[in-house]
Each structure stands twice: as C-alpha cells, then as structure tokens.
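Read the single chain below, which is given as structure tokens and is the form predicted on its own.
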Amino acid sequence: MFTKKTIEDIEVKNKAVLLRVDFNVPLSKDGEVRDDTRIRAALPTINYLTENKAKVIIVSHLGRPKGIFDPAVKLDPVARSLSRLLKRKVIKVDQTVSEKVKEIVSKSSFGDIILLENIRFNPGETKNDPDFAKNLAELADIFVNDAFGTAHRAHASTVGVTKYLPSVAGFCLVKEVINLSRLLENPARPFCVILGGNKVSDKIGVIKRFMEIVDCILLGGGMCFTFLKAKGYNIGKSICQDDYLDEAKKLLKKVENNNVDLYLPEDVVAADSISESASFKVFSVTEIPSDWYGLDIGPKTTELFKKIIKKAQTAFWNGPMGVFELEPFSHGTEGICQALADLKGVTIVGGGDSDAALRKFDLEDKVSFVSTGGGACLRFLEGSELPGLEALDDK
C-alpha cells in the first residue's frame, strides 16, 4: 500500500507544478542521450500533468558537477530527447533560480513544459540550503517528486521544497515503491536474491535484511572476492574491499546460523589484464594465479546459479556478475539475465548496471520490473528511510 499522496489526490488544473525527475542519463561522445530509459519513466507523470492543464516546471540533475557550472552536463541534450519523446516543444532555460526564470515561468501558459538547467550547478542543492529551496519553491504552487533514483538524498529539490509546497508523488515513484514492496511483503517462495557489482559496502545492509526473508543468496561480481578472501582463498589481483573483510566473515558466520543458503562462485574467469585482448582462463576459486584478475563467474558457477534461479518463484537481482562490458567476461552476467528472463515468477531488477546488462542482451522486457534507481533501490530494500519519500504529504 502506498501511504503518501499522489498527483491523483490533488487538483493540478491551472497550477504551476514543480516536478522533480531523475534525468541523470548517460550521454554519448557527441553529447546526445545514449539511453533514455529514465526519461521515458517520467512520461506518464508529465503527460498527466499537461493533459490536466498544469504548467510543468521540470527539475533534474545530470552527473556530479559539485555546485559549479559544467558545460559537459548541461541539460540541452535531455531537452531534445524529451521533446522528441513527447512530440512537442520543451522550453529549456539556462538557469534554475533567477529573475529570468521567474519571468519565463510567469509568461508561459498552462500545459507548457519548462526544463530548468542542471540543479546541481547550484551549491545549495546538495546542501539542502533552505534559502535555495524556498526560491525554487516560489516558482510553483505544487511539488511532485517522481525521482525515485534520488529519493535517498535529502537535497533542496527532493526534501527542502516540501517545507513550502503541497508535496505529492508522481506515477514513477509510486510504481517503484509498490513493486519493490512485493519483495518484502509475503513474496512467493522460493525467494532467490542475486547480488553482484564491485562493492560489498553497498550491499551489506541488503544482505543482512535479506537473510531474514529469503531462501537463498547468490553472490558474484567483484564483491564476491572480498568474501572469498575472507574464507582464506588467494584472489590474486581481484578487486577486494579489505576494510570489509571482518564484516564479510561475520556475515558468513551468520549464514550458518540462519536458514538461508548463501552461494559463492566455485570457479571464475580470470585474466592477466582488464582488457578485451587479455589472456584469460577459467580457474577454480582455490587456484586463481597471484598476478591475475578475477573478472567474471565461471561456467560451472553460471550453470549452478541458473539452476537455482530456475526453481525460484520470486527473484531479485542487483549487480553484474563480471566486467560484462568486455565480451570475454560477459557470459556470467548474460547467463543470469537469461535465467531471469525464463523465470515465470516475479523478477525484479535493481537498476544501474543490471539494467544496462538486460538491455545489452535485449532482455529488459522479459522481467517483471526494472528499478530506475540502483542506490535508492538498495536503501529501500535494506529498510533505510528515503528522505525524498518520507517528506511527501501523507494520505
């Protein structure tokens, strides 16, 4: 159940609506949007607002400009992409808070779409500066948060503005919360979780939470090497968070006391360098050469993981199994993607690189739901508060 007010709970006709979205999209070398997934995710909310004669003032960040102007992450390519998708004009302004912006907003018509410049060009954004938030809020009558990917950030455009405006959720934010909640509220069993990526530190909270509710956890990607080293194996030059070795040991010990099966790789694909042209070979995890890098789960592990996933009724995946961008080390991740695509139960994928992998193997439409926010998704599932969600008005 979604407990916050949404755009359907408030009158938006002839209102100026400040809409926070997550248009933090990858750009190509020629400066165009390379993947418009996050832009498309916001279209239902934008269309609803314009169809109901609201004046839509869109706010987003792009990249990490750290409070200073950076021409490489201006939102002009985003404006072009959004305009193409909507098949209509988008008014792009080169500032966020100024007299010029206020004038443009006041002169625009209800039903118009205005895209402000990258919100993170302003130092007050990430500091959640109250004066900056107030100035931003003065542009509108209502605030709508549709940016799940930034809901774990207490910034001016996600939390600060809610102190000055009626604040509700957009359709994308609602969809995210409802779908991710399916994993925590009576999921169909067996419930299998697959975790990869490089950083154990990003996944510790999720692993601890899932130990209480899932049937099995499969660990791959760069993060598995911290656990393998914690078990006493030589991992060569593989990535490892040494400052999390003790935490990994504690988790492995805790698994023994919980009724949860945790699987680590039995074999890996290792190489003498991290490149497409590297010499590579499959090794048992007990035999990784000291000067080689583990870059993917091996074929034996891939088949084991696929066999386990096949039995699941609910599956959640976050983080690739290897350096899938390089063909020799993509097969473990491809195997997981295919296993999830073949599963008939509920399959939820935690955004970020996992989403990119699904698209690479043309399987994105074969899973139940793909989150638009990797970090926010993990924070939600580990039970941490999402400030951008909590700040919205209750029903």
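Everything numeric here is computed off the predicted structure, so don't read it as measured data. One rule holds for the numbers: they count along the sequence shown, beginning at 1.
Heads up, the form predicted together with adenosine-5'-diphosphate isn't pictured, but that's what we're talking about next.
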Open item on the list: When adenosine-5'-diphosphate is placed as it is in the predicted complex, are 136, 162 and 166 each within 4.5 Å of it, taking any non-hydrogen atom of the residue?
Closed with: no
Task: 4.5 Å heavy atom contact, residue 198 to adenosine-5'-diphosphate in the predicted complex - done: yes
Open item on the list: Whether residue 291 contacts adenosine-5'-diphosphate in the predicted complex should be assessed with a 4.5 Å heavy atom distance threshold; does it?
Closed with: no
Open item on the list: Whether residue 262 contacts adenosine-5'-diphosphate in the predicted complex should be assessed with a 4.5 Å heavy atom distance threshold; does it?
Closed with: no
Task: adenosine-5'-diphosphate contact at residue 354 in the predicted complex, heavy atom, 4.5 Å - done: yes
Open item on the list: Using a 4.5 Å heavy atom cut-off, which residue among 147, 295, 194, 156 comes into contact with adenosine-5'-diphosphate in the predicted complex?
Closed with: 295
- [ ] Only one of 121, 324, 227, 210 comes within 4.5 Å of adenosine-5'-diphosphate in the predicted complex by heavy atoms, so just point that one out.
- [x] 324
- [ ] Name the stretch: of 246-254, 217-225, 89-97, 275-283, exactly one has residues whose heavy atoms fall within 4.5 Å of adenosine-5'-diphosphate in the predicted complex.
- [x] 217-225
